[in-house]
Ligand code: NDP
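Only one chain is shown below, in structure tokens, and it's the form predicted on its own.
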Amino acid sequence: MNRNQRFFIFLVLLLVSGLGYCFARRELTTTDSFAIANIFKKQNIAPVLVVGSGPAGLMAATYGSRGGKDTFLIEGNKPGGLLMDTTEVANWPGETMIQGPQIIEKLRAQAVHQKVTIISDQVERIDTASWPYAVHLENGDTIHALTIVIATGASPRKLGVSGEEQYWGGGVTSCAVCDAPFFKNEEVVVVGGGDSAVEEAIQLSPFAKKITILVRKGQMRAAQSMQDRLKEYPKISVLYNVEIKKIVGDLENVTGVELYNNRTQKSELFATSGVFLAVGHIPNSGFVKGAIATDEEGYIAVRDNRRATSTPGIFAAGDIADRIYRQAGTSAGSGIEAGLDAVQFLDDHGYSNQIAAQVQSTLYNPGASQSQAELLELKSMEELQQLISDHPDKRIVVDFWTETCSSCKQMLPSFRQAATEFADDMVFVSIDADEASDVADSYSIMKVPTLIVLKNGEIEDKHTGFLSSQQLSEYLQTVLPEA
């Protein structure tokens, strides 16, 4: 072997050893970033933090806790998810027929039985710059999560046409199970051609006089079994090859829609009192942008045939990561997988029972609810008028809700908190819009939740839709009289 050959071999060995050092250093850095010692520097620890409370979230939490890890679940602004807006479910495992809210009730009870801590709040953002990850809640708290399961599902898609926003809550809605009672003996339309459109129409049938399903194409994409069910409902008809171009009304409520027939290329005004949207969903992933990878539509990408996302220790389950199956059963199954993956991640990184015992004092504790004012529950217009007479110098804030509205139930703690915060300036009233229909009719309430602010019995301001605690406080600040 000559000198040049020996020198070449020396260079190769040097290069290989250098690469080995770099890879070893990289592995050391990666390992150090998830060193268990990091958690002893933090407060408000959550070994498993689940974001979302539909089937995926509840099952992930149940399995996280069953895996021996302290598990916390953030309910979000729609506890129970889309199943809370579903009546009959015929394909839930082990049930020939069951109501959507019943499924959630059972899964939630199971999670509570497994000692999952359920938190009524919403995540604003997740900071993944260092581990444990900082999860910022709307109430101002920061939780340091060792693992996170994202199971926030999807929200109904809107049409994006003129009049949609103007009449949202005045006839335009996406929740028949919530708002159908407001359309007794009215003619309404359902927009969409899938299973959810059929479901919406069926939910409306006990109330509306006539329901027309508007389908953009020449046929529905709903399962044949769902289409067959429509034959049992003479009130329901289907109109094909039509699109809504505009929603019109009387400045307060919907009176009709402008329909465009894509076969005849003609438009016509179609009279209706309600527009129920069932045109798909958008994944609720905005709060994780920058923290984990999503595709162009916002769905979270999972990999390696697991529920793992692009960020180690963060997993995704349910509709937020599923553009294909989108079933309650598959969501629950993916939640189980995500819960098991989170437990495995903790085990792989040395989070033992001994470590868990050491951090017990630093676990996140939502704390006892602060004392909140009692709400006045009124059942008639006569009672409300008497209240207005008794408080001539105060504004009356009325929260309209119904028993079937999941968003209403989620908003109730915030409304109680607001009643405490603004007790000196306002009187807060809770009214079941179904039970006190005379009040709802008097103030043209066609969707829940809806807030109205009364001054001397007249509406000074009105807001339709869910408000978080912070949003509600900010809203009420805007209607307070100037000092």
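Note that the structure is predicted; figures quoted are calculated from it, not measured. Numbers for residues come from their place in the sequence shown, where the first is 1.
Quick note: we don't show the form predicted together with the named molecule, though the next part is all about it.
Distance criterion of 4.5 Å from any heavy atom to the named molecule in the predicted bound form singles out N91 from the list S352, Q99, N91, S162. Contact with the named molecule in the predicted bound form, defined as a heavy atom within 4.5 Å, holds for exactly one of G194, P312, P413, G298, namely G194. Contact check for K217: a non-hydrogen atom falls within 4.5 Å of the named molecule in the predicted bound form. Looking at I104, you'd find every heavy atom of it more than 4.5 angstroms from the named molecule in the predicted bound form. Using a 4.5 angstroms limit between non-hydrogen atoms, K235 is distant from the named molecule in the predicted bound form. Heavy atoms of H136 never reach within 4.5 Å of the named molecule in the predicted bound form, leaving it off the interface.
Contact annotation: the named molecule lies within 4.5 Å of heavy atoms from the stretch 185-193 in the predicted bound form, the single such stretch among 137-145, 301-309, 333-341, 185-193. Along 277-304, these residues reach a heavy atom to within 4.5 Å of the named molecule in the predicted bound form: A278, V279, G280, H281.
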